[in-house]
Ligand code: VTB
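The chain that follows stands alone, in the form predicted alone, written as structure tokens.
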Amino acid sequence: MAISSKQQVGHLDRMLTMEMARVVEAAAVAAARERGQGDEKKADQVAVDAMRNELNNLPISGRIVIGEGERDEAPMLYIGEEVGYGGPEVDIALDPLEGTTICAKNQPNSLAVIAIAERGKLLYAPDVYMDKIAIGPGYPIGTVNIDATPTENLNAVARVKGCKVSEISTCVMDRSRHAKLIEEIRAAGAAIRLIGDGDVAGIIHTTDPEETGIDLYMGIGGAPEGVLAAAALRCMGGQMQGRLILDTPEKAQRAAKMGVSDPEKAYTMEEMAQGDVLFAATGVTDGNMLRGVQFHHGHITTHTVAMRSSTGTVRWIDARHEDHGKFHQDVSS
């Protein structure tokens, strides 16, 4: 597939959406072979290998801006790595295995995830923590604010939704750092959905509360996952804010080298993922949004969501792949 210079100006080529689906399918299948084996590192590594291989088959000049870590921490898919064999210049945010612990324990909502945007349109940030808040579509802009208290945000969501705070459900990662947050949410009367890992899925779940039972996401997780979630919400609708937690001089220095001039800045969803954004995710394990990879006699099935912000198109892809003992590079065959 050739991409002309005209196609790369202003918007990404729409065919990249399907190419991205193949990338996450390959990573998900590789990781799924390690489900329940208890080896997080191996599951992550095989997903990284598969995703990198597929990315280098794409007609793009891609730069990793959110990846497996900075160059001295990750041998592949590190921040700044170039992928693809030539084409439009794009920035890439990825997580070959979102929820490594989930996959290792074969628990719900582990995903392979990627987002692509035009060069310079994704937040270029170090692999640090990020404080986040997110809601789905249908709310007035500014309904929630990362600088407001959890109680104030819960009351604001309930007021707009026309319900009691006790009818609001908030997704929070089950971490000791969230003890005070959890205590305040419960004191306000709201329900909590605690998740062990995988806050990209947790944030995406706010886009369909009738299906997932989640209205609001709050708490601290990885900055890479924050950018990926912002890319998804750009396509599906919703609101999100995030603030990098640069609580040591070393982290602040790393961020400054990547162009972060204001360490206290609260980024909006649009600032984390600007312009035309493509997003794709494949389920590794079964979850609220996507079914996990299934191995059958002679074939493999995958469930993928692929979306684009400029059109608002969301595609759900059920794919069947022939299995000859390994997952081929061309997953469409």
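One-based numbering along the sequence shown. Keep in mind that this is a model prediction, so the values were computed, not measured.
If you look for the form predicted together with the named molecule, you will not find it shown, but the lines that follow are about it.
Visitor: Does the named molecule come within 4.5 Å of a heavy atom in each of Gly136, His205 and Asp215 in the predicted bound form?
Guide: No: no residue has a heavy atom within 4.5 Å of the partner.
Visitor: Okay, which stretch from 183-191, 242-250, 218-226, 158-166 lines the named molecule in the predicted bound form, with non-hydrogen atoms inside 4.5 Å?
Guide: Only one stretch passes the 4.5 Å heavy-atom test: 218-226.
Visitor: Report yes if any heavy atom of Arg175 sits within 4.5 Å of a heavy atom of the named molecule in the predicted bound form; otherwise report no.
Guide: Output for Arg175 is yes: heavy atoms within 4.5 Å of the named molecule.
Visitor: Is there a heavy atom of Tyr124 lying 4.5 Å or less from a heavy atom of the named molecule in the predicted bound form?
Guide: Tyr124 lies outside the contact set for the named molecule.
Visitor: Using the partner position in the predicted bound form, report whether Asp197 sits within 4.5 Å of the named molecule, counting heavy atoms only.
Guide: Answer yes; at least one heavy atom of Asp197 falls within 4.5 Å of the named molecule in the predicted bound form.
Visitor: Would you please decide whether Tyr129 lies within 4.5 angstroms of the named molecule in the predicted bound form, comparing each non-hydrogen atom pair?
Guide: Heavy-atom contact with the named molecule at 4.5 Å: present for Tyr129.
Visitor: Can you tell me which residues in 74-104 come within 4.5 angstroms of the named molecule in the predicted bound form, by heavy atoms?
Guide: Heavy-atom contacts within 4.5 Å come from Glu98, Gly99.
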